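Starting off, we have a lone chain in the form predicted alone, written out as structure tokens.
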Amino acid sequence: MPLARTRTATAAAAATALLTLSGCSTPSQVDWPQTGALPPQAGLPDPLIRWNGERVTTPRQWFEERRPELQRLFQHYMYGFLPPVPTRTRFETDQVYTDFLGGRATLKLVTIETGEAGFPKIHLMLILPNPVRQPVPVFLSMNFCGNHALHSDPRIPLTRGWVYTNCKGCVDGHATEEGRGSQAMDWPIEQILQRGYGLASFCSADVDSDRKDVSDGIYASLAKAWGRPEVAAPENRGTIAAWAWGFHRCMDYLVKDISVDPRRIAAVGHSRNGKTALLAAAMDDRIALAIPHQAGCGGSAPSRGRVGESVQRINTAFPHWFNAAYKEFNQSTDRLPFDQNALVALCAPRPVLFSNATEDQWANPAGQFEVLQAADPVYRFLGAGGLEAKSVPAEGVLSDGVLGYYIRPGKHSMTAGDWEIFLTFADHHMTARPVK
């Protein structure tokens, strides 16, 4: 398969360039095998078995050897390498409104500059309950219709980047006033604030727009800066990795904001945003808790799954989400040297909640439970607890172990009822205290 060999070589070259230019190193510099040379594994591979076949025997070995190895494997064979950490990041507080929601909340609008001129600027919206007398736990999430879609307040700027045609008010790929508050039902801000949490959100288009034929964000900037157009190639750029990088840049700001508790920041997302939230948490220990809601294939469901969306289907419909190497597993997912249980394991010992809906079989809810079961041994090995449920919980019942699971009646959506579960899980694991 000459094409497959070319794709893998391109992926490896891009990975080397990214790591070198970001100032990172790859201990041992493993020359990963071609897809066809990887041994088939029918079940979900054991995260505690190292690349050399040896079993991890101590927590120190997990954190210092196996965990970094898995992070490199995921980037090489699936997501593509995250863009480098900027050598220079600037935070500009554009506006602070203490009278948001009739004085019940403070709205902060922050611009995060991720590099030199021409690199993306992330426009972060942070909403905190009033009065802020102690650092507040915060949910961090990405949206794809713009911050203005989460609430109708006219002081929230319209997003400046490309937006989906199905976003209300979209005209020729751009936001208009008609879109204000159009997704407020998905983001029950007052409910979140009443429980003592803040909400931080940014638009995916600030980092890279979700278009399979166009890169107009971080990868386009890197391709131009490095003189390497292949970095922005749709079939190899790994947009989910770019969006996870966007989470990390927002974390750079949030851990420095004195109104935010840096130890209690949760990453949450629905569908493709859930895939991103889980990857962001797996690659950044500063994220205290992850909630990938209905994240499905490429996120919380196994690549080896036989139900719902397949690797081949997701790579065909969204070729820009993952790198070229992942496409080589379209017909041979059993050759992947990992599965999504290992991605969850990368979050250990931090809590992770998988939430689903019974009619959303495309996201493979049963397979997601199997992923948690297969991640549980790593959590137990580290003494962190794990998945308390022995079988899939009944509809509407939260299993709130460190590895949590929840399934409700309904379809693929994010609702106020889902947020009630998110908040309850966070209460249990981040010990949030309401702001009085």
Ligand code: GCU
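Note that the coordinates shown come from a computational prediction; the quantities given were computed from them, not determined experimentally. Numbers follow the displayed sequence, beginning with 1.
Just so it is clear, the following notes concern the form predicted in complex with the ligand, a form of the same protein that is not shown.
With the partner omitted from this view, the residue of Trp162, Phe144, Tyr219, Tyr77 that lies near the ligand in the predicted complex is Phe144 [heavy atom within 4.5 Å]. In terms of contact with the ligand in the predicted complex, the residue from Ser303, Ser182, Ser271, Gln71 that brings a heavy atom within 4.5 Å is Ser271.
The closest non-hydrogen atom of Phe338 lies beyond 4.5 Å of the ligand in the predicted complex.
The closest non-hydrogen atom of Glu309 lies within 4.5 Å of the ligand in the predicted complex. The ligand is not drawn, but in the predicted complex it has no heavy atom within 4.5 Å of Ala345.
When contacts are judged by a 4.5 Å heavy atom cut-off, Arg237 does not count as touching the ligand in the predicted complex. Using a 4.5 angstroms heavy atom cutoff to the ligand in the predicted complex, none of Tyr97, His148 and Phe202 count as contacting.
This chain is displayed without the ligand, yet in the predicted complex the stretch 314 to 322 from 124 to 132, 314 to 322, 329 to 337, 108 to 116 comes within 4.5 Å of it by heavy atoms.
For the stretch 277 to 293, the set of residues having any non-hydrogen atom within 4.5 angstroms of the ligand in the predicted complex is empty.
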